[in-house]
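Below sits a lone chain in structure tokens, taken as the form predicted on its own.
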């Protein structure tokens, strides 16, 4: 069986709506299956890359493909195979939807109208909520949940849905350590037990270090690509995160400590 590419970019450049360059000279290829982390400081183009892959932004130059599908010409095919957890979900918190309805939406939106739920759908919802330890709260109104609990529900919605790629934009941002642990473990187990690629944007690689196969280190272009320990190179980290970056070795792994945290730029 030959090499199967999960994601590739060639000479990719993307501009922000105001004309500023968000990404330039982006070249990489990642084989499937993979758990890929896209890391880099705030404003380094991580979310822009994901939005371009999904066809939400158009390249100014070059191309990016997911499982062989071009992000411009075949974006509808890409959206069918991707389960996407955006950085800020647009669920109205004044709409009293229950947890189970939020997760069920992930399955129903992949179906052609009229969209009716089946017992298979409901079983998938319960199984996904169990993976993030939220099954006891499946009747709870979504707006009543904490930020970490809401994020776990949105990850469960992606897990319950169909598609060969899970794409998550900062799923750990603003969550408590308990929710982070549950989300990371659920994603790691799901990737190991299913034929699914995971692409995750994060400003902190450390919580998912042991689950990740490939890392894209970005600063408006690809600065480095490799395993987590390959990327944890002090010179490379200082180039991207500045002179305060530190590398710590623990249990045979390298970890990076930076002052960077928070959200990527969204224009």
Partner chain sequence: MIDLLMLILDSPFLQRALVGAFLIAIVASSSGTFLVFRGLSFMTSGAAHAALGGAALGFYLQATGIAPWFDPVIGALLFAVLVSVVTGYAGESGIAEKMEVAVGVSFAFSMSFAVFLMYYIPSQDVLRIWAYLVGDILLLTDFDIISLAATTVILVFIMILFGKEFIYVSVDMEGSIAHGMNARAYHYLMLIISALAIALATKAVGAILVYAIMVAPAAASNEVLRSVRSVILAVFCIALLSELAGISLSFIIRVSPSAVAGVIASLSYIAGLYVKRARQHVGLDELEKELEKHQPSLTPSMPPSNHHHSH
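Quantities reported herein were computed from a predicted structural model and do not represent experimental measurements. Residue numbers count along the first chain shown, from 1.
Just so you know, the form predicted together with the partner chain exists too; it's not on screen, but the next bit is about it.
Does residue 56 reach the partner chain in the predicted bound form, with heavy atoms at most 4.5 Å apart?
It does: once the partner chain is placed as it appears in the predicted bound form, residue 56 has a heavy atom within 4.5 Å of it.
Given that the partner chain is not shown alongside this chain, does residue 144 nevertheless sit within 4.5 Å of it in the predicted bound form, heavy atom to heavy atom?
Residue 144 belongs to the contact set for the partner chain.
Decide whether residue 115 counts as a contact residue for the partner chain in the predicted bound form under a heavy atom distance cut-off of 4.5 Å.
It does: once the partner chain is placed as it appears in the predicted bound form, residue 115 has a heavy atom within 4.5 Å of it.
Taking the partner chain as it sits in the predicted bound form, is residue 183 near enough to touch it, meaning that at least one heavy atom pair lies within 4.5 angstroms?
No, residue 183 is distant from the partner.
Could you tell me if all three of 173, 219 and 238 have a heavy atom no more than 4.5 Å from the partner chain in the predicted bound form?
Not a single residue of the candidate spot has a heavy atom within 4.5 Å of the partner chain in the predicted bound form.
Name the single residue among 108, 72, 137, 196 that comes within 4.5 Å of the partner chain in the predicted bound form, judging by heavy atoms.
Of the candidates 108, 72, 137, 196, 108 is the one lying within 4.5 Å of the partner chain in the predicted bound form.
Only one of 226-234, 31-39, 48-56, 199-207 has heavy atoms within 4.5 Å of the partner chain in the predicted bound form; I'd like to know which.
Of the stretches listed, the one contacting the partner is 48-56.
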